[in-house]
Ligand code: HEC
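Presented as structure tokens, the chain that follows is alone, the form predicted alone.
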């Protein structure tokens, strides 16, 4: 069989792609060596988030701050509970800090300037930090074993301030009829759509869907235990 140069190049590209996919799958399947973190897994179903994670890792953020934002050496800033991350809106604060760096303090190592990063790369890093912060904070809220009796009035006030723009008490009551009490807390603070892959179908990317995901993501990052207890106390009165 005679190959043209085009078919030869196509064959080489196909073989190369197959090799790299197989190599990545093999590496991901290898048992983790002691003390070594495999950044390839888990591969997220959302390609945008996966790319954001890889950008965060590529530029060394994970080395000091951890992929899950859990600092293990005590020398880097705790991004999971950082007031700077809490104050960030649309990546503005995080991007500024990345560009100018932070000098060494008595407790923390210095953070270098990343002034050569593009706006897109800065946005990717900020996106991963916020996503990971939300996941980490959710775990902390769900592991909270302190029995807190929520205040119904405070929960109603929180609902009217933060939820009523999109949800009515009746719609919430209808939604939670199918949710077990044991799962109600998780259902309220991390709706299922936050775990699902966003649709990249333009016709389905409505303003409401995009805004709702962003709003719930911000709430997930910043709920306090008391706010969750108050909100649940109120919601249980409208079931």
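Residue numbers count along the first chain shown, from 1. Keep in mind the model is a prediction, meaning the values are calculated, not measured.
Just so it is clear, the following notes concern the form predicted in complex with heme C (HEC), a form of the same protein that is not shown.
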Would you confirm whether the three residues 60, 98 and 105 all fall within 4.5 Å of heme C (HEC) in the predicted bound form, going by non-hydrogen atoms? yes
So, in the predicted bound form, is residue 53 in contact with heme C (HEC) at a 4.5 angstroms heavy atom limit? no
Is residue 175 part of the interface with heme C (HEC) in the predicted bound form - any heavy atom within 4.5 Å? yes
Heavy atom of residue 41 within 4.5 Å of heme C (HEC) in the predicted bound form: no
Contact test in the predicted bound form: residue 87 vs heme C (HEC), heavy atoms, 4.5 Å: no
Looking at 123, 152, 141, 76, which is the one with a non-hydrogen atom within 4.5 Å of heme C (HEC) in the predicted bound form? 76
Does any residue in 101-124 get within 4.5 Å of heme C (HEC) in the predicted bound form, counting heavy atoms only, and if so which ones? 102, 105, 107, 109, 111, 112, 114
So the CA-CA distance for residue 114 and residue 107 moves by at least 3 angstroms in the predicted bound form. Closer or farther than here? closer
Having a change of 3 Å or more in the C-alpha distance between residue 64 and residue 104, I'd like to know whether it is closer or farther in the predicted bound form than in the form here. farther
